[in-house]
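Next up is one chain by itself, shown in structure tokens, the form predicted on its own.
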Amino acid sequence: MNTIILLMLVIPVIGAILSGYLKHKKSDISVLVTSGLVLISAVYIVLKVFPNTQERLLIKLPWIEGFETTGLFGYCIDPLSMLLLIVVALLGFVVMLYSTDYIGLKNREHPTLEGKQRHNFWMMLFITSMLGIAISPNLLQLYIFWEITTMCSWALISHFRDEKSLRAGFKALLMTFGGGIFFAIAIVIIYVKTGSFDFSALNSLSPGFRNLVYFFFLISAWAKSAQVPFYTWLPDAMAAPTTVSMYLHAAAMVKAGVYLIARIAVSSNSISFSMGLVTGIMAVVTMLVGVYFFFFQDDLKRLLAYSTITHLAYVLLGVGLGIMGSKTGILGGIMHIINHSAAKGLLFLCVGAISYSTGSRSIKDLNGLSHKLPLVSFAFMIGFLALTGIPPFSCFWSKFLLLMGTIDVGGKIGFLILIPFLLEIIVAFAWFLRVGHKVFFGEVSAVSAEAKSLPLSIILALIVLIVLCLAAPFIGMPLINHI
């Protein structure tokens, strides 16, 4: 098992190096093969270990006091890490498949091959860093991979190297790195007070330090996952290629923040009710802010970005509910990681297919696309139904658990959380229904009339994620039941 896990981390690094060195089609082949091997490795590891947990520290630093026995670098494969591992590996393969044709001369929005090797290099490194986050056995190792994702996202958001892209990348770097400083301070406090980097070390802190450290982690997660008040970098990051946007929003980077808080919550049994309340209240505030900005978006990608902000708040809401005493709530929040990934990944790839085919992402310019791109129309509707929680699609199941979690908490607090949560669900459904109807139905607009057919790689990627919108709960439910 040690060898397989090591290979899973090394293979995408090799793929990154090869894809940066090789030209065009050879670069595409290298990322397809290596991301495919990563997916196979991840599935094998999950099937081999589940439903048990396997943890091992492989590297020790005996010259640092306290590391003689505890060690430092290794892996932890448990149901929570398995969940993120599947998301990272599966969506990583799908997005690399999609990118083989999306980034090219036939893309009407960005008809260029310039920087394709650079894109492939950083995407494969991004996959590596997210795999590292998923299997980290302690806070220090997670922090190292956490900052690698910051570097990768900076490079990828700035991909086109025009003023808009560079500003967006710089803004994302400042906000997420700023949040990472709080992460660093938190683990320093933990080590000084407990001599450990374990996730469960919070239990050994005094109540005052425990609340402070958890709050520092929360700030770091808010910045990484684009929550209020740090949310503004994510919509601007839509200056990146859609492949980057999809992986950034559906599987990587922003998922790292909510994963950190989920990991701490399930590893610690002594986080105070007040900290759970702060987590839940800020999640609800973020939902309302995100859904408010729906009404001002004409760019389909920016609309999806604000939707991502609200759905990451779902995960944090679930964690907050769990800290306040609802096991159902925290399981719903964790399950939403994979359910949202399927739906949002599909929607981003649909928007990418639209811009590839028409050269536009403008809601006002697109109309009647179902006549020209029937598969994209069908896929978008599946993604919309999955995202807004219509049964039997993915997000219904996690939203249902979250609603039950608010009822579990009960009292005035549960009621005050439930009302805005329901409001966000209703408004999001109505707005996405409106947008979908505008873009895909009615008379064909001039821009839509120019839509061209899609390549096989894009079609296959859409089909995989359509299936995942139905299959995600069947993958996620057994995992969360063993957390």
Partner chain sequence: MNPIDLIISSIIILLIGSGIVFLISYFRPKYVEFCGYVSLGFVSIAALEILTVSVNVFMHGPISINEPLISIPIMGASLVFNFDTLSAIFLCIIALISVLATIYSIKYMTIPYAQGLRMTGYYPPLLLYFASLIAVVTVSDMFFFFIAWEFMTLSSYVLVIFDRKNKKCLRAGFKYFLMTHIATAFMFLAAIILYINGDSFSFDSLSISLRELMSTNPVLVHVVLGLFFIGFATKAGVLPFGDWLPDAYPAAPGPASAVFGGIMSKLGVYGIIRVFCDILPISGFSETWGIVISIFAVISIFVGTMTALIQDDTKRLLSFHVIGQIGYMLLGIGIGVYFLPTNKVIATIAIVAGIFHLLNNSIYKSSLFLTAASIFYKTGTRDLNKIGGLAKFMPMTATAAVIASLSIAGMPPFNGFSSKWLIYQSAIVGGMKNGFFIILGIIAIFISVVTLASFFKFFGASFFGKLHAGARNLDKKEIPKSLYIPQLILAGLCILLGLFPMLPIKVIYSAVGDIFGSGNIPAIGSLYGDSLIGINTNFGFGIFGSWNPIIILAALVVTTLISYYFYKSGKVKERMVESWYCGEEHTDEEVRYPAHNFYLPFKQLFRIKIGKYEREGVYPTIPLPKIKFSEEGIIKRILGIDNWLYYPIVNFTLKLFKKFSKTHIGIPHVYLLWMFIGLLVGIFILYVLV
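Small disclaimer: the values here were computed from a predicted structure and weren't measured. Positions refer to the first chain, counted from 1.
In what follows, reference is made to the form predicted together with the partner chain, a form of this protein that is not presented.
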Between the options Leu205, Leu277, Leu212, Leu403, which residue brings a heavy atom to within 4.5 Å of the partner chain in the predicted bound form?
Leu403
Single option in Ser362, Thr232, Thr150, Ser196 placed near the partner chain in the predicted bound form, where near means a heavy atom within 4.5 Å
Thr232
Considering non-hydrogen atoms and a 4.5 Å limit, does the partner chain approach Phe296 in the predicted bound form?
yes
Any of the heavy atoms of Asp408 lying within 4.5 Å of the partner chain in the predicted bound form?
yes
Determine whether any heavy atom of Asn2 comes within 4.5 Å of a heavy atom of the partner chain in the predicted bound form, and answer yes or no.
no
Within a 4.5 Å heavy atom cut-off, is Asp236 in contact with the partner chain in the predicted bound form?
yes
Triplet Met8, Tyr44 and Pro51 all within 4.5 Å of the partner chain in the predicted bound form via a heavy atom:
no
Heavy atom contact within 4.5 Å of the partner chain in the predicted bound form, the stretch among 312-320, 267-275, 171-179, 130-138:
171-179
Do any residues of 448-464 have a non-hydrogen atom within 4.5 angstroms of the partner chain in the predicted bound form? If so, which ones, in sequence order?
none
